[in-house]
Each structure stands twice: as structure tokens, then as C-alpha cells.
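Listed next as C-alpha cells is one chain, alone, in the form predicted on its own.
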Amino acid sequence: MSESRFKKILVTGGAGYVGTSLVPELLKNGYKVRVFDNLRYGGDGLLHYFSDKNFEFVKGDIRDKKAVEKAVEGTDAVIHLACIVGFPACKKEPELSREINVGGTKNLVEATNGRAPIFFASTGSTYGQLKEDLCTENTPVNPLSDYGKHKVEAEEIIKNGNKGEYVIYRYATAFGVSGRMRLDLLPNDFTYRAVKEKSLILYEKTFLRTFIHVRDMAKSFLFALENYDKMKGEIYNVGDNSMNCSKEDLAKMIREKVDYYLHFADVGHDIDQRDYMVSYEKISSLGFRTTITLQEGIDELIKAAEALEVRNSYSNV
């Protein structure tokens, strides 16, 4: 890997699930980091870094054009994470999601205007249901949810508006422990339920999914910063071919480590109908590899479950 020519990085949405894993990696590798976040989900995951002279925090909303313009000033590159993430959250607040996911991206592109590259966290949800044996970056997008559709629109805004100065990453489903924890991600949810509830009802067990640990997502941004000149203006699937598996495979992996009741339901379905396998050959050919396996991530999640408690005051269980 070559040394990055970028020195100061703006991270939008840096207090979130990915951001709280990315910020320490950037600081550890000598970057100056400015986080721009509205703290919708709090800022506890960043508190440790306020003592670092290379860390700066700006509270602001990606929908506020002037605030975005000010946040971009003096930075060399932007890692764009600010987003309402996932199909349930977008379905719950569709107007807000569109304003942030699409409108916020437009504000950012207008603020950078090609003067700084944008490294964008998109998603494999853009592919939707399986149409080909293996989805490559050339597979036509077919988003099923508002979330996937927003990401496709945001990709187009960046491609058409930032004068070729971008890298777009379509990520596999994230998993693992982070400073701003999420339990709505499939491996995190399955593991938490197995440990805490000792049971799991699984719909559409044959549906195929693909995964990446959140710390490997962080490392992929470092890789892009260090290899920008040969990656710019392109879209990359980011994950690992070894972590293409069915929902049943994932549930059974967890059952090898946790004793819980697993029921395969014949009637009913998940709202999220994603079903696809993805090729990661394009980015792996440049030298990027993930470092944390699904099994290792599950071990980590099992240990972390002891420190996590989601309480429902209306339930006796």
C-alpha cells in the first residue's frame, strides 16, 4: 500500500455504528479527523477521542446546506456515512430518510464540487433479490426497499456531481461490536436472541446473504485513502467471498456455540427480501482482504451480549 496524500478527513455520521469503528483507525494511522454528526443516536462512542489533538467534532445536520459547507472547509477528503440506515428505519420515517440519505448527499456534493474526493458507504441492498449466480459491480441494480433506492440515488448524485472524484463502496451486511452498537443487523440480532432469549424463529432459511465485520469496513476506507489514485471513479463491492452464506447457515453457526432453540417457519416471511451472492473479486484484485471471519465475529458478539440489555417494560420475559 502507498502512503495516503490526504491529511485531514471529514467523516459525516461519524458517531454511528461504522463511524465509531472508523475514527480510531484513522487517528491511529496519523490522520486528522473532523466528525460531523447530529448525534441522533448519541455521542458516547466518540467520547474517548476528544482528548486527541487530531480529533475535532462538529455537531450539525447533513440537511443543513450551510453547515455542510462549513464542515467541508479545510478537509482533504470526505468519508460519507451520514444516513438513516436499513429498510425498517427508512420505512418508519420515509420523508426524513429521503431528506438525509438523498438530500444530504446532494448538499455534500455541492459543497465539495470535486475539490475533495468522496468515499461513500453504499450497500449491497442495491442488488435486491438474486437475478444472477453472482452479483458483480456490473450487475443491474434492483433495490427492493426505500433504503436501497435512496442509496442508488445517492450513488448517482456522487457519480454525476463530484467530477469523478469518488470511490463508492457497496458493502455486505455489517456485523460485530462497535462503539455505537446496533442489534438490528442480521448476525448481531441472531446472536443476541440466541444468547438472551434462547430461541429464534427463522423465515426463508435458504435466502442468501453476505457479511463484513464493522472493523473491516473501517479498514476498507483506509485502503481507499491509501490507494485512491488507482481506485477513483469506481464502484466496489466490499466483503469476502467466504462470507456468502444462507440465513440457515448463519443460524447453525451460532448454534454450534450457543445452546438455543431454532425453529424454521414455513409460513410467513421477513420484510427484508434480499437474496443474493456477491463477488468481491474487483477489490480483492487490488489487494484488499477482510481480516475477521463470521465465526470470530459471532464469538465476539456472544461475549458482548453479556454487557447488553434491551428491556421491554411491557413483557414478563
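Residue indices: 1-based, along the sequence shown. Small disclaimer: the values here were computed from a predicted structure and weren't measured.
Beyond the structure shown, there is the form predicted together with a small molecule, which is absent from this document and is the topic of what follows.
Please identify the residue among A194, V85, A77, V109 with any heavy atom within 4.5 Å of the small molecule in the predicted bound form.
So the residue touching the small molecule in the predicted bound form, by this definition, is V85.
Answer option from L225, I118, A154, A172, heavy atom within 4.5 Å of the small molecule in the predicted bound form
Of the listed residues, the single hit is A172.
Stretch in contact, per heavy atom within 4.5 angstroms of the small molecule in the predicted bound form, of 226-234, 178-186, 159-167, 133-141:
In the other structure, the partner sits against 178-186.
Would you classify L39 as touching the small molecule in the predicted bound form, given a 4.5 Å non-hydrogen atom cut-off?
Residue-level check for L39: yes, a contact with the small molecule.
Within a 4.5 Å heavy atom cut-off, is A15 in contact with the small molecule in the predicted bound form?
Close contact exists here: in the predicted bound form, A15 approaches the small molecule to within 4.5 Å, heavy atoms only.
Whether V33 contacts the small molecule in the predicted bound form should be assessed with a 4.5 Å heavy atom distance threshold; does it?
Looking in the predicted bound form, residue contacts with the small molecule do not include V33, since no heavy atom lies within 4.5 Å.
Within a 4.5 Å heavy atom cut-off, is D61 in contact with the small molecule in the predicted bound form?
Because a heavy atom of D61 falls inside 4.5 Å of the small molecule in the predicted bound form, the answer is yes.
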